[in-house]
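Single chain ahead, by itself, as structure tokens, in the form predicted on its own.
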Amino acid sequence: MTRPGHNEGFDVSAARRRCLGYRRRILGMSQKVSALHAAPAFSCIELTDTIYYGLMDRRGSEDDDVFLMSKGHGCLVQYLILNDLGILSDADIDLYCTAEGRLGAHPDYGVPGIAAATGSLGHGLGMAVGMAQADRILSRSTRVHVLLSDGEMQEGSSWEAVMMAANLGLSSVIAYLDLNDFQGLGRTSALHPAFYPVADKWRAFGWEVAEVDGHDAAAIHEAVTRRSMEKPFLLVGRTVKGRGVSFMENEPIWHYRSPSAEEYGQALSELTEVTSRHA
């Protein structure tokens, strides 16, 4: 069930083309700065694109949906989407992480299209809960979409927000967990095995939960649009860190690093081949 809006008739083929384009553009940006969070962005590209183009209401009213990139280090894809939507300029993208620019490694409040400063992990869900409760008090129909990393779910503040959302019955909160099984420099399942099974924990806290392939735009869209809307909702997206570039996938060293010229060429070639297969 969805509210009427621009997201009717979500085009999965167009989403696939956009997501491949984001990966190639992020690689291009990597050749202008000494380091960037490419691999963390690559794992949440399909999730973020589907939120913006398939799930959010963005019609220019006070009831427009809100998106929070709680996984602040995944913001490269958000910047590119905001650029495609005309909210950020080409110059903003070109000046990423430079003294002359306004886009940093984590999103900052005040930048057009950015609803909150994030990246100090563990705060985004709490802010989403507060926004949703405020909207309820103001009788607004806004929904708050918040994208989380599995690493930040080790913060106590995140679990307090999980519990509070259920206590308040905030069905307008839709959370997306980028479950790439990495935190910092190692696998979450190896370093923090008690985190699993994560979906069962959220259900026990009073949330409705669905699990899908986090790189499957159609599955993401279907799971969220079919939610009951009776409880806060979590979509667990099973993802791959560095998705799409063979030498980046599931390699901790690529958490914050720019590829060399040779590596850039290889990565771009791999993504070109993928683009050709899906043309």
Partner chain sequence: MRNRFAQTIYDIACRDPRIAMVVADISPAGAMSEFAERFPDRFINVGVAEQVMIGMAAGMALRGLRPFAYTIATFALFRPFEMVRDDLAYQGLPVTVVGIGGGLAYSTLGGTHLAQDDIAVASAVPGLRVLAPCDPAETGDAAEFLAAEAEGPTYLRLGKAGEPILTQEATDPFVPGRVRCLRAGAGTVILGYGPILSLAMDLSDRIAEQTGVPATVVNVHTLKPLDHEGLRGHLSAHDRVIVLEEHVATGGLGQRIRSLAYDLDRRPRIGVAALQDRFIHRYGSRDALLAEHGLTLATLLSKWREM
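All figures in this text were calculated on a predicted structure; none of them were measured in a lab. Residue numbers count along the first chain shown, from 1.
If you look for the form predicted together with the partner chain, you will not find it shown, but the lines that follow are about it.
- Query: Counting only non-hydrogen atoms and a 4.5 angstroms cut-off, does Ala134 reach the partner chain in the predicted complex?
  - Reply: Yes, contact at 4.5 Å.
- Even though the partner chain is not shown here, does Asp94 get within 4.5 Å of it in the predicted complex, heavy atoms only? Asp94 lies outside the contact set for the partner chain.
- Is Leu168 close enough to the partner chain in the predicted complex to count, meaning some heavy atom within 4.5 Å? Within the cut-off, so yes.
- Query: Is Pro197 close enough to touch the partner chain in the predicted complex, meaning at least one heavy atom pair within 4.5 Å?
  - Reply: Result no; Pro197 lies far from the partner chain in the predicted complex.
- Message: Just to confirm the contact call: exactly one of 134-142, 189-197, 174-182, 75-83 touches the partner chain in the predicted complex at a 4.5 Å heavy atom cutoff, so which is it?
- Response: One stretch meets the cut-off, namely 134-142.
- Message: Counting any non-hydrogen atom inside 4.5 Å, which residue from Glu249, Glu211, Asp64, Asp216 sits next to the partner chain in the predicted complex?
- Response: Partner contact (heavy atom, 4.5 Å) among the options: Asp64.
- Item | Those residues of 145-167 which, in the predicted complex, come within 4.5 Å of the partner chain by heavy atom | Contacting residues: Gly156, Ser157, Glu160, Ala161, Met164.
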